[in-house]
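The chain below stands alone and is given as structure tokens, in the form predicted alone.
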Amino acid sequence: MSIESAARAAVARPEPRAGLSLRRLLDRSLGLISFVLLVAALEAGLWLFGVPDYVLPRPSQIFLALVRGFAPPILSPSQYYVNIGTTLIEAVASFVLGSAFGTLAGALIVEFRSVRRLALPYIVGLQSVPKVALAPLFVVWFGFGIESKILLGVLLTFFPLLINTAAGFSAVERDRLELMTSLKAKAWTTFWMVKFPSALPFIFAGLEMAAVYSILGAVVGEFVGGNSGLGVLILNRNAAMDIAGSLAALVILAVMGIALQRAVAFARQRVLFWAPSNDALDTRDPE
């Protein structure tokens, strides 16, 4: 065997299973390892430079604030349980309603030219208005309950679904539409069997954005006026100069956003198993 043949054989030789498993384990643990290193660096840096707690507390102090916040009594308004429940209800309701209305509006705008000409200018104009400016009006109109927060969240989640749905229905391959026409399929059959499945990857991309925007809408509404929720808790902790408690609530919000986004991504992987881009946001190596 020549040297060149031996080199090619060495390259073609598969990596040992133990080494491959170790590399995959390291790749999947990279996010956790980098997080631990970042927390350790912040802890050491803040302690070393003597940064005051009221400016930026150390991660250990934020962790202690989390522990205190989850300590009994469960129904206390100063604890996390009731506030997490309120914000989660507002966010999930905003996500469901805004996604449903946005998907429906996107499909109608593409399918019916009259609807597009009539409604699209109003939708774009409403989207151009800062939602923070609308939040005080919603509180005046709908009160301090969850209704005003849900409506604000619906406005935030509506537009991403509308745009992605419209893009998905507009991107259907013309060959498929011509095939359905040649088969004399009805408009509803073409919509349900061709257009809607082709638009699903776009719709799920909008759903992942809407999952995050729904939490943003709930918290912004709570900032303007609310009786409970993590936004109200953050304002109360800031007023009491409890910066560690405020940051602990922000950590909970971040975890909620990640959980909702990953839930949508999980549903996407199950529904769009046939789509080549169903794991576009998954950084794991294929098996």
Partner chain sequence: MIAAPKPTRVDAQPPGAPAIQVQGLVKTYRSQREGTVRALEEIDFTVADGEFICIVGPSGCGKSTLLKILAGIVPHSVGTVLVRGKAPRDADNRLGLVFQAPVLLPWRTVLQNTLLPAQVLGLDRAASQARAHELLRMVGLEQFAASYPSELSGGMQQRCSITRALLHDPSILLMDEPFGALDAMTRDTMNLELQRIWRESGKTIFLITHSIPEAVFLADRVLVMSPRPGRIIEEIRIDLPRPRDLDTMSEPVFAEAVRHIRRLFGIGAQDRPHVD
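Numbering follows the first chain given and starts at 1. Computed from a predicted model, the values in this text were never measured in an experiment.
Keep in mind the form predicted in complex with its partner chain is missing from the figure; the text below concerns it.
A.B. asks: Can you pick out, from Q79, Q127, S170, T189, the residue that has a heavy atom within 4.5 Å of its partner chain in the model of the complex?
C.D. replies: None of the other options qualify; the answer is T189.
A.B. asks: Of A185, A119, L104, L97, which one comes within 4.5 Å of its partner chain in the model of the complex, counting heavy atoms only?
C.D. replies: Selected residue: A185.
A.B. asks: Which among 145-153, 110-118, 85-93, 191-199 is in contact with its partner chain in the model of the complex, heavy atoms within 4.5 angstroms?
C.D. replies: Looking at the other structure, the answer is 191-199.
A.B. asks: Is it the case that W274, even though its partner is missing from this view, gets within 4.5 Å of its partner chain in the model of the complex, heavy atoms only?
C.D. replies: So W274 counts as contacting its partner chain.
A.B. asks: I'd like to check something about M180: if you look in the model of the complex, is any of its heavy atoms closer than or equal to 4.5 Å to a heavy atom of its partner chain?
C.D. replies: Yes, M180 lies within 4.5 Å of its partner chain in the model of the complex.
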